[in-house]
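Shown next as structure tokens: one chain only, the form predicted on its own.
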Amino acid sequence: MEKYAGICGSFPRPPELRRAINAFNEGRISQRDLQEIYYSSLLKVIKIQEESGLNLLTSGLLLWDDLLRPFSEKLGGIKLGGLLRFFDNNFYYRLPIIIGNIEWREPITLNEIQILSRATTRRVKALVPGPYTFIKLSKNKFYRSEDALVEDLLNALKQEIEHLHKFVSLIQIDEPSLVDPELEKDDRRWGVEIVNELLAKMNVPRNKLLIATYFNLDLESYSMLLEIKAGLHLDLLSNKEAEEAVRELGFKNDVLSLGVVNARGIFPEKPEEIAANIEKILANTSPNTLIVSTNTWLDYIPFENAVEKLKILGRILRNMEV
């Protein structure tokens, strides 16, 4: 079994990048100045991950304002709407409003992935929003046929993923809506079908693909997630049933990512205890690749606390290797 440690998705922006974005929005610095500070901030976040002992790195998504925004801004047929709450968090996203045929025009996240892959010798992970979550968090004002909407969105995501995959070891497709308790079971089962349809369309090895859910996980949801023909990232901290579900139903695919470090709280975990608990969870499960991770994105806590969470992940990995 190959073992890795890496964050689920984003990392808080370094203070200098936050100041630069504010200055740019106020017209006090140029686009070129902002890009230079972004580049140095990205290298800083890469170095922090490496020094913390992580061996599966992300770009930190430092210019992503939310999960959907980079795609809402660059895909054809979509405009930005107002701010809405992102699930049950004090975190907001811009509503994508579908006003025309959804079209992929150019690589959306390739530049940051190329910078990341050139800056480290460790394995790297890219991230894209999943089609079901994109649909559930969008407003459709154009398509009369739901099937046509799904087909165009899947084709757009397929092209982005196929442009990314040769630069990365893993591509994470974020689908928190698959475990949203406010959605009906049949609706979420349709979401699983959409995800599997996307997977079937792509010329990408399944062991490079990871479907990520977070905020909720119970036995019923997990039993549906097991129908997905790819790896899974599971949030083991937001529901007391999550660990029990994995122990009871096991896991059959190649890549399993366990969200065992709390990205929504600042209190430090004990790496030795978490490593021992993972061994119990996996008593009857042996994926080819195991990733220890934060349960969700790290945007919810301050920069300094997020750095400490990375160090905890690194220590969990070292304990597991011993």
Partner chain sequence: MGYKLPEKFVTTVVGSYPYFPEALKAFRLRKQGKKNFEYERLVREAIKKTIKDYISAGVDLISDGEQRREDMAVFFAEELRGFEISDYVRIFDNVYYRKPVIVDKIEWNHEIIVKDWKYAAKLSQGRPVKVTLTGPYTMYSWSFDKYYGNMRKAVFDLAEALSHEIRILIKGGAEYIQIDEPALSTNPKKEDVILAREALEIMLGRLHNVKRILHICYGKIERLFPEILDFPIDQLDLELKNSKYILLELLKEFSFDKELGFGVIDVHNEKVESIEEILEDIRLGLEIVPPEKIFVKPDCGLKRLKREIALAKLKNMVKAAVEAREKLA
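Numbering follows the first chain given and starts at 1. Values in this document were obtained by computation on a predicted structure and should not be read as measured data.
The following text describes the form predicted together with the partner chain, which does not appear among the structures shown.
- Among heavy atoms of residue 311, none comes within 4.5 Å of the partner chain in the model of the complex.
- Residue contact with the partner chain in the model of the complex: residue 69 places a heavy atom within 4.5 Å of it.
- Although the partner is absent here, residue 182 lies within 4.5 Å of the partner chain in the model of the complex, judged by heavy atoms.
- Residue contact with the partner chain in the model of the complex: residue 91 places a heavy atom within 4.5 Å of it.
- Distance criterion of 4.5 Å from any heavy atom to the partner chain in the model of the complex singles out 85 from the list 105, 229, 85, 247.
- For the three marked residues, 18, 64 and 139, a heavy atom of each sits within 4.5 Å of the partner chain in the model of the complex.
- Stretch-level contact analysis of 264-272, 249-257, 283-291, 46-54 against the partner chain in the model of the complex, using heavy atoms and a 4.5 Å limit, identifies 264-272.
- Counting a residue when any of its non-hydrogen atoms is within 4.5 Å of the partner chain in the model of the complex, there are no hits in 98-126.
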